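In the block that follows, a single chain appears as structure tokens, in the form predicted alone.
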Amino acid sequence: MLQVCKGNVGKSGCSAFAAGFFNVPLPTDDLDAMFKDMVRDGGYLRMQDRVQDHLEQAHLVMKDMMSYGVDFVRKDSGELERVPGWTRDLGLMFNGPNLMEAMRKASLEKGVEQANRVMVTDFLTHGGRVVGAAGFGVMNGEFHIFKAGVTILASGMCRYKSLPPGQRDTTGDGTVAALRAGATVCDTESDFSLNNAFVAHWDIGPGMNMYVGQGGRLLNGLGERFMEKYDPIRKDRAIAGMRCLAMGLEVRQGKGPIYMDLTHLDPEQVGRIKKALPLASLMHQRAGFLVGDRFVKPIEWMITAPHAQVGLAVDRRFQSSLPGLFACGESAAAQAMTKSLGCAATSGVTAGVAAARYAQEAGEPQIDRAQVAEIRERLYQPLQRKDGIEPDQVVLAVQEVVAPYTVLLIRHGERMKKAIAEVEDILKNQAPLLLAYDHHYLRMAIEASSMAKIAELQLKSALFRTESRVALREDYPYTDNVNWLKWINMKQEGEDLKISTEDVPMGRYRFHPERSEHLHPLWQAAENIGAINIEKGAVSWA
């Protein structure tokens, strides 16, 4: 077995900065209530059999991780300490990057080889099957070919190089490579955590599970708590997507900026945050927000640039539409995932077991040398240009398209059409001219190109879904359970991007919504407080 990472295994990507919170249900919890929450929070688009698998597997996977050396925080009595996070769940705390470092060491001990600082850019195919991958060393530019009986994609989503740590190298490269090889992506508009929220103006890492779980409160610019207007039951502990949508509505009403108030937390609550978020707590101290065991003033908070979980369509075993290619974590479609790091762990186990069985039965893979030559020639083209466009220019252009909260958070068809036209222009007139001075710049060029393609996928899928469900649309404010209990699939065919729908198989699922249209709950809350009116089936702002 071989792990390939464009950074360092265990030290790069979002999991290494997973905010010290591992959400895991235990057999003694009310699993049925959790199941219903997860399905409902996912707009009834989640694969319910996969949700059930996660709930049944999570505590077993947690025990495996503990045996590998993951240091979950315990009480003085020795009992594992469970703390609240988003929604009504309880999770375990771990000390910063310890989790991924422990998993890295366990992997090495089991004989898994690790190829660090190697960026995979393409999947190799033969006879309709994925038979390996190709890429290059980001330090020396060396071309690499990996022959594989089976391949698992676990490269994460695209976060458009937003501010928080761990999010600047998740640029959707693996998804774009799979799309180019012929894989189908699914529900690219339906990441159920479309955005997250972090400290504004300061480069302080994630931690919302811990902040709101310990009692953190979101305030608007008038000093008002506002989440209870939008989610009266969970309030500040609403799911991330709901919180960010509510923040966007407050700003749209002229009530920004938004603040996180932690000043009322007692020393015990602050101590838990320090245990789970040691690096973030140190930065809070240096910024003057945390003095001793107290937060001394509200902290301005902001919505980050949108995430894009442009993942592969997978089955219950996390096998993609391409034989020989599996996808787990945030590389799988949003409808196959449930919650954060815990779900990444259970999906990885499921994909790993299924992939091993596939490899035993698939036979020896064959490499197409002509395909390898074509990949190699295309890969190094940016290094051969004497003149062109630097990667930063394309990255900034993509960010300027997708980052405004009025594009992918509070949506309108006309704004998204304009954004699509801008992204298509980037793909047609800028990405083909990307320039690389060295191998480091080559990595940046590929990341910039990947981001532009991901933005196209996300925007076109978001425009195609004519309802408010996982995000808010001003021109389609109703959740349509009559016509839109569907997944949106996208596949590249030559120069064309083919879009189709697939009905969610409610006939074999046990939890169903009412087959009706209703005003999205957040639009309903905004109407109740007089912020909007619904006129001719669309939103007008009061």
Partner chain sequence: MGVRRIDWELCDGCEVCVDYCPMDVLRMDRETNKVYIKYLRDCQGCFLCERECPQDAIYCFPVRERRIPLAW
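Positions refer to the first chain, counted from 1. These figures come from a predicted structure and were not determined experimentally.
In what follows, reference is made to the form predicted together with its partner chain, a form of this protein that is not presented.
Shown alone, this chain has one stretch from 456-464, 68-76, 199-207, 320-328 that lies within 4.5 Å of its partner chain in the model of the complex by heavy atoms: 199-207. Residue contact check for Arg443: one or more of its heavy atoms lie within 4.5 Å of its partner chain in the model of the complex. Its partner chain is not shown here, but in the model of the complex it comes within 4.5 Å of a heavy atom of Val251. Although the partner is absent here, Ser12 is a contact residue: one of its heavy atoms lies within 4.5 angstroms of its partner chain in the model of the complex. For the chain shown alone, Leu434 is not a contact residue for its partner chain in the model of the complex, no non-hydrogen atom being within 4.5 angstroms. No member of the trio Met337, Arg415 and Asn481 reaches its partner chain in the model of the complex with any non-hydrogen atom inside 4.5 Å. Residue in contact with its partner chain in the model of the complex (any heavy atom within 4.5 Å), chosen from Arg117, Lys274, Arg234, Lys229: Arg117.
Out of the listed residues Glu81, Glu422, Asp261, Glu101, Glu101 is the one that sits within 4.5 Å of its partner chain in the model of the complex by at least one heavy atom.
Applying a 4.5 Å heavy atom cutoff to its partner chain in the model of the complex picks out Met283, Arg286, Ala287, Trp301, Met302 from 283-302, in order along the sequence.
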